[in-house]
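Before any questions on binding or motion, here is one chain by itself as C-alpha cells, the form predicted on its own.
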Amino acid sequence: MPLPTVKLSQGIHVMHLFYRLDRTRWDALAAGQSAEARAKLEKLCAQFPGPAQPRLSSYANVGGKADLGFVLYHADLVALGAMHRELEACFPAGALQPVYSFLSVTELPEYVTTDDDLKRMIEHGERKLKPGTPEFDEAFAAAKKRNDEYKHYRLNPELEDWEIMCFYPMNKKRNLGDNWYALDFDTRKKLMGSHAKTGRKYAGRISQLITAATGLDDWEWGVTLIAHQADAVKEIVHEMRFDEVTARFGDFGEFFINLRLNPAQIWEHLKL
C-alpha cells in the first residue's frame, strides 16, 4: 500500500532539527565510517538544494547546545518525515543524539495587509492620492504587486544562504493581565503592524521566516533569522523587545545560533 500524500491547503511544512554527536561512539568508528557518513549526507543535501522546497539546509551549532542543525522544507508532510529519517540514517547508529526538534508550517498572518488597507494608506498617507486618478491606480498596482510577492514568499520561503541562522520558538501570553487572545482584532493588528515596521528596518541585514506550530508542537511559532553577522541578530531581537507586542505579550524559548555550512565544512569545523 503506497504512503499517503499530506499537503496543506496553502503553504509548506518546516522542520528544525538539532543534534549532538556522541564523541565516544564517533571516535570508536571503524576506518572509513566517518567519510561514508559525510558522503551520504552530501548526497542527501544535493538532492534538496533549494532555494524553494523541497530543501534541506545544514548547519553547525555555536555555543554548545548542539553540534549539528538542519532545517527541512517540504510541501508534503509524509515526504518531510521521510527526509528526516533519511537524514538520521546518514549517520552511524547511536552516533547522533536528538537535542531539539520543532515542526511548523508556513502561513499568512491573520493581520496581513489587505487591498482595502493599501488603498487607505495611499489615500491618507504621505502622497494623499485621490481614488480614481491615474496616479492612485498606479500606486495601488505597485503596492499590490509588492504585497502579493510578500504573501507568496511567506507561504513559499526561499531564504538566503547567509552565514548565520538563529532559531527560537515563541508564544503569545495568556496571563490574566496580559492575554493576547483577549484583545480585539483591530488592537492586535495595530500592535503587529508596529512590530513589522521595526523588522523592516533590518532589510538587507536580516531575512526572517515566521512559521506556525499551534497544535503541531509545544510552542505557537518558530522564528528563523538569517544574517551575515551576529550583531544584526542581537540588535533586531533587542529592539523588538521594546515593541509592546513583545514587551507585554511575548514568551520565548531557547535560542540556537548556527553557522551555515555544507557537510564537508561541518566535518572540518567539528573535526570529524
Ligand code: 76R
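One-based numbering along the sequence shown. The shown structure was predicted, so the numbers you read here are calculated from the model rather than taken from an experiment.
What comes next is about the form predicted together with the ligand, which does not appear here.
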Check: Considering the ligand in the predicted complex, which of 208, 58, 61, 53 comes within 4.5 Å of it through any heavy atom?
Finding: 208
Item checked: Interface residue in the predicted complex among 100, 168, 140, 91, criterion: non-hydrogen atom within 4.5 angstroms of the ligand -> 168
Check: Where does the ligand sit in the predicted complex: which of 109 to 117, 155 to 163, 77 to 85, 132 to 140, heavy atoms within 4.5 Å?
Finding: 109 to 117
Notebook entry, point to check: Using heavy atoms and a 4.5 Å limit, would one call residue 225 a contact residue for the ligand in the predicted complex?
Noted result: yes
Check: Wondering, does residue 200 line up within 4.5 Å of the ligand in the predicted complex on heavy atoms?
Finding: yes
Notebook entry, point to check: Might residue 121 be said to contact the ligand in the predicted complex, defining contact as any heavy atom within 4.5 Å?
Noted result: no
Next item on the list: Please check if residue 237 has a heavy atom lying within 4.5 Å of any heavy atom of the ligand in the predicted complex.
Entry: yes
Notebook entry, point to check: Going through 164 to 198 from first to last, which residues have a non-hydrogen atom within 4.5 Å of the ligand in the predicted complex?
Noted result: 168, 170, 172, 180, 192, 195, 196
